[in-house]
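What follows is one chain in structure tokens, specifically the form predicted alone.
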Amino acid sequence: MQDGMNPRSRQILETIIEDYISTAEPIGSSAIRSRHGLSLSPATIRNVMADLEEMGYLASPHTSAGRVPTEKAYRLYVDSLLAVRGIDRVEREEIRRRCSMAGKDVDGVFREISQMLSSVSHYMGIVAAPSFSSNVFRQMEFIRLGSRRILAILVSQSGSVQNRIIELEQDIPAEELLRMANYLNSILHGLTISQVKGRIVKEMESERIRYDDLLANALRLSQQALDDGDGEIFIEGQANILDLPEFADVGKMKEIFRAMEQKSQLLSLLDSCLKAPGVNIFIGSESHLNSMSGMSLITSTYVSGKNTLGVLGVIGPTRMGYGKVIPIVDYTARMLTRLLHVE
């Protein structure tokens, strides 16, 4: 086998991983034999465990004769040993109930879903709202605030709204502002905001714009209105990991909470998930974030049509219950995609 293990070794490794996920205690050969009724002697199990340690799948804590899984072991487990379970009826109903727009704006929906992911998984729930450039353009409005000042309102299909006050070189009548908005809405509808920018540049280079001051002004105003901002991250459930034994160290907890507050590195990691649709799993150092040592992140993208809007997921210890959390994250992403769908 490519991983260098025979079926017996794989069975014992799987047993150790699942026991450690449940107990957070180093696993010894006697515990494996008694809990799972293996028809192997403790000496045989110890030899297999020694081989697994030599291959980098197990580690020996200094204070125990038992073994704990390594990141390499969790990666093998997730990729080839794990049996992902379905979502039970209660969890499915809670996810559906809380993936609702009723009485909430878009940010309220993202906050509610991060709270729900935390409560269902018992870890930290996270939702990265779309950066505005990944949104799909619905419409733009220009509202005259007074002489030489207008309010540009940019609305996306997901319901996000971006407002910007623009100072003008000369006053523009309200009826001309309406014509400008109608023109922009006709040529930009259905494009992502990043595509909108390219379309505006292309339109400004066209021959007819040179002879139509109103269209040229409309395009210039739209350029000023398109101001990118980083998508916000909603994180809930940090308290869920306070009682986990692997985070008893106060210094480690402070490091994790500081990373959650700063969010910039985490946002960069989540942005990389946008390029890989579907479920992604980062185990420990795979995230390349020092603050995520001992942590795993399971994410899934949510979309609108063919456009990936953002990412949601769960952060927990490397010994998290992957078989439970993966389907929760996947199902929630599909529910959010359905919620944000616009005909």
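Bear in mind that the values here come from a model prediction, so they are computed numbers and not experimental data. For every residue, the number given is its place in the sequence shown, counted from 1.
If you look for the form predicted in complex with the DNA, you will not find it shown, but the lines that follow are about it.
The partner is not drawn, yet in the model of the complex one stretch among 310-318, 295-303, 22-30, 280-288 has residues with heavy atoms inside 4.5 Å of the DNA: 22-30. Taking the partner from elsewhere, L52 is found to have every heavy atom lying beyond 4.5 Å of the DNA in the model of the complex. Mapping the unseen interface onto this chain, R35 falls outside it, with no heavy atom inside 4.5 Å of the DNA in the model of the complex. Within this chain, L40 lines the site of the DNA in the model of the complex, having a heavy atom no more than 4.5 Å away.
For the three marked residues, T70, L82 and R85, no heavy atom of any sits within 4.5 Å of the DNA in the model of the complex.
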